[in-house]
Ligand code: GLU
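Next up: just one chain, as structure tokens, the form predicted on its own.
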Amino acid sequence: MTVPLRTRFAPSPTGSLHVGGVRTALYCRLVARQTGGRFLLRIEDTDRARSTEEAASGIVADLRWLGLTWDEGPDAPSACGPFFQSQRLERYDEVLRSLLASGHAYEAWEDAAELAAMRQAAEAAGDALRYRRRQVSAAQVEAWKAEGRRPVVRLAAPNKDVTHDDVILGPVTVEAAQLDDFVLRKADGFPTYHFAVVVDDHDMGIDLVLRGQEHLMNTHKHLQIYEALGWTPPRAGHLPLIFNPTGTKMSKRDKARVAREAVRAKAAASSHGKDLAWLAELTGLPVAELAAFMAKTNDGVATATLIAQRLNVALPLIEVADFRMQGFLPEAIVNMMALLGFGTEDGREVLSQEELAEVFDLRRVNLTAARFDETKARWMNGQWMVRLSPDALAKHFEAWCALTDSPFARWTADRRTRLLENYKARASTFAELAVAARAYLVAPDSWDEAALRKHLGIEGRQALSAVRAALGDLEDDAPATVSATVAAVAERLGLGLGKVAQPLRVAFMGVPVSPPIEETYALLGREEALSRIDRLLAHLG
């Protein structure tokens, strides 16, 4: 009998949602669905310096857009809430008092300078600083209090090895000599991540924690807190990292790296040299800010994005927002992330969340890092472009048009749907589709010379003039009528259909490639279509 499991996704709102977080949330949700359990969303916003409400709202919105909805969390309250850590401070203080009373935790009074000196001494001895409790007199404590110093609270580490039995990696042990008395509450009164996450997971009844392997060594700290409190810890599994094709960790810093390379390449190809005044003029950013960015003292994503836009450079796809702007489908992103670290037994790759819930198995999660391949991601999105129902695809396209302020947003819904039906198999993303369909927005100001020679000789011009007259006389512009009219002109002139259709395509699009003539005509609209024929005929004389 399957035991229902409570799982959770607990992002920190210090920036946009990383696609690695998408995979974590998805795996947690799949386990909950498979077992008939519950999936929770918790916002870990105790980092007051970096957490923002805007980031929290963005993460929630991205998860909803992806279809990774939760059973309990923001906007889905339950008895174990609230689900923002900043709203749970009284509970953390309550638990902390019990640890202080039991002697499992204590106050430590060193300031930043003293800790730095201790760290330097340890490094000079060839070791890392592992803090252990220091005996301090009551008089010294009173003196520190008088000067306004505030203590942190540390956990008294047990003098024994700590073993974590990972559900993915197996047993992992940290020896007692490697442990230290880590901080539970900072001097500002806010709990550390390590302390708050333990209290939250206990209070919320979490049975299984899944997170990236970068958190593996944190789990040993959490087990010490659970033991000190006498609580049973949830099981935990650590997922493989996600690397770029080059073998480096997929990180937001990649955006800054690509933007810097673009600036250097632009400078090398011109007379700009190291002077950044040209870049300041181009971006509107202060030279000092740009200098800090180029010196790698600032990896600001906003700065990198603006530079890339001005230099017409594509940045790596790292965050959900990047994929959304490029016109990826949420179904494809979820599908793609599921397979970064997991493979189905039968080799299937294009799977919905419902299908993934049927086949997902933690025992098949890889132990080694997965590699993100943008080419494969675009292929996956192309599969979903044709797999989704017309209505679902149209809703996604409408949302993308609004997000990017695309000119297609000003088209009617029926016209956008027709565009999708004709181009969804020709483009892997909405951004690619928009490029492919740009000719519908802007009439060609020139025509392919090879096409003019091939399709618009004397015979082609006669065909174009004849079909212009026939289309101009139509009272019914339905695609079937347009198709029949073009065919009738071809028959009357004794020409193959292509001899009439290709000159029309050149007139409509500037090149002899387009969807079927009747569809192209419908997408342009009668007035624009006839105008484009007239322009080409006038050009040909």
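Position 1 is the first residue in the sequence shown; the rest follow in order. Keep in mind that this is a model prediction, so the values were computed, not measured.
Although it is not shown, the form predicted together with this ligand is what the next lines describe.
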item: This ligand in the predicted complex: contacted by all of 8, 197 and 215, heavy atom 4.5 Å; value: yes
item: Partner-proximal stretch of 189-197, 173-181, 96-104, 410-418 relative to this ligand in the predicted complex, 4.5 angstroms, heavy atom; value: 189-197
item: Partner proximity in the predicted complex: residue 211 to this ligand, non-hydrogen atom cutoff 4.5 Å; value: yes
item: Partner contact for residue 520 in the predicted complex: this ligand, 4.5 angstroms, heavy atom; value: no
item: Any non-hydrogen atom of residue 47 within 4.5 angstroms of this ligand in the predicted complex; value: no
item: Partner contact for residue 12 in the predicted complex: this ligand, 4.5 angstroms, heavy atom; value: yes
